[in-house]
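Shown below, as structure tokens, is a lone chain in the form predicted alone; questions about how it binds or moves come after it.
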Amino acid sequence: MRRPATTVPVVALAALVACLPVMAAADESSGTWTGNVEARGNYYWETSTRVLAPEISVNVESPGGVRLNGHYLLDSITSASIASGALTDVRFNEIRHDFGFGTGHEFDLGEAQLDLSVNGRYSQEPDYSSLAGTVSTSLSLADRATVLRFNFTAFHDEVGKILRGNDTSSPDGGDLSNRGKQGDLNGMVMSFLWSQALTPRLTLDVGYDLGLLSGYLQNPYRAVVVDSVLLSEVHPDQRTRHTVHGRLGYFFKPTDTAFHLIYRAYMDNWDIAALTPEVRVYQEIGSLVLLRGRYRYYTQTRSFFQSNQGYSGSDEFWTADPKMTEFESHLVGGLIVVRLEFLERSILDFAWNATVEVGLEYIWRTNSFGNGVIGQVGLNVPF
């Protein structure tokens, strides 16, 4: 039996929103609560998969500087991929619920500021669940010209398997679709970032991420031909990831234009190495419109156990994962952000300081995933 979709994320987020007026009233004597509500719609399409993902988030800050946040995302995935459990060439739809809560506060240390925050996240779908927690710290120095950040995330995932198709019943009338738990995946990610204002218009970010994964690291639905027999793929049960990244940003005041140069270098103990250069250009048009153009190139080597020549029973690992192959991709996209200040003193005056954004990106890939389209629409309303 498939697990029913939980309503806990919706109820929990609704409770948080409902409590905001009470919390604000309780602290009314000491100041005003501030924050924002953001609603966003995300869309992704490729040859065999379509994803619709609406989400909502709420962020509030008390007069004393205590921050609270909550989010909920509904991930609706439509696919006909055998790698996602389809037995026949039919489309199926799967729902994932993702929600989280967090709190944080900045402490004034005189010539420095220390920010601490804690966030928790839970994600559930019929054949997968994930629980994660993150502790974040940042230290601001020299009037915030220098910021040192450290994040630590730990997570635990449970991987199941549900077969989808026209008929998954057994001769005795039972349900064969749910194959039960396949394994656990545990991991931790440590991130370090140094942000430096070099001049009033030039900034530099340099960071390093370390990821340690252990457990069930393959897809339970992917099958590989091994000595003419179709078997589930088998990956190593340990993976260590290293990522070094940097960003150089410059603001050209005469034209209100900002340029960002971004570079990421990645490698892991599966022999995958990847380089990702990216350039972004931001352009302000008057006081109400911001445009962003983006181009990203990605290239990677294959994993040590991926083979284009086939597999035999003497091999220790085998895979059908396109992400394990050597490939490259190109991403081009644009984003427009519109400030709604023109609504001031109108019937929609309550939203005069809100922003609306619309983005569209296209990605070309040389692996079997093929090309894809990424779209997003967002509304951010401060209060």
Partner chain sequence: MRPPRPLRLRTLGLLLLPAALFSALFLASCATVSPYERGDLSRPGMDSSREAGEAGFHAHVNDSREGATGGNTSTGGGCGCN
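Positions refer to the first chain, counted from 1. Note that this is a predicted model, so its numbers are computed, not measured.
In what follows, reference is made to the form predicted together with its partner chain, a form of this protein that is not presented.
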**Study point:** Single option in Leu114, Leu248, Val135, Val225 placed near its partner chain in the predicted complex, where near means a heavy atom within 4.5 Å
**Key:** Leu248
Exercise for review: With its partner chain left out of view, choose which of Leu109, Ala274, Val118, Ile95 has a non-hydrogen atom within 4.5 angstroms of it in the predicted complex.
Suggested key: Ala274
Review point. With the partner left out of view, is Asp349 within 4.5 angstroms of its partner chain in the predicted complex by any non-hydrogen atom?
Key: no
Review point. Is there any non-hydrogen atom of Phe342 lying within 4.5 Å of its partner chain in the predicted complex?
Key: no
Review point. So in the predicted complex, does any heavy atom of His71 sit within 4.5 Å of its partner chain?
Key: no
Review point. For Tyr263, is any heavy atom within 4.5 Å of its partner chain in the predicted complex, or not?
Key: yes
Exercise for review: Note that its partner chain is not shown here; using its position in the predicted complex, name the residues of 308-328 with a heavy atom within 4.5 Å of it, in sequence order.
Suggested key: Glu316, Phe317, Asp321, Lys323, Phe327
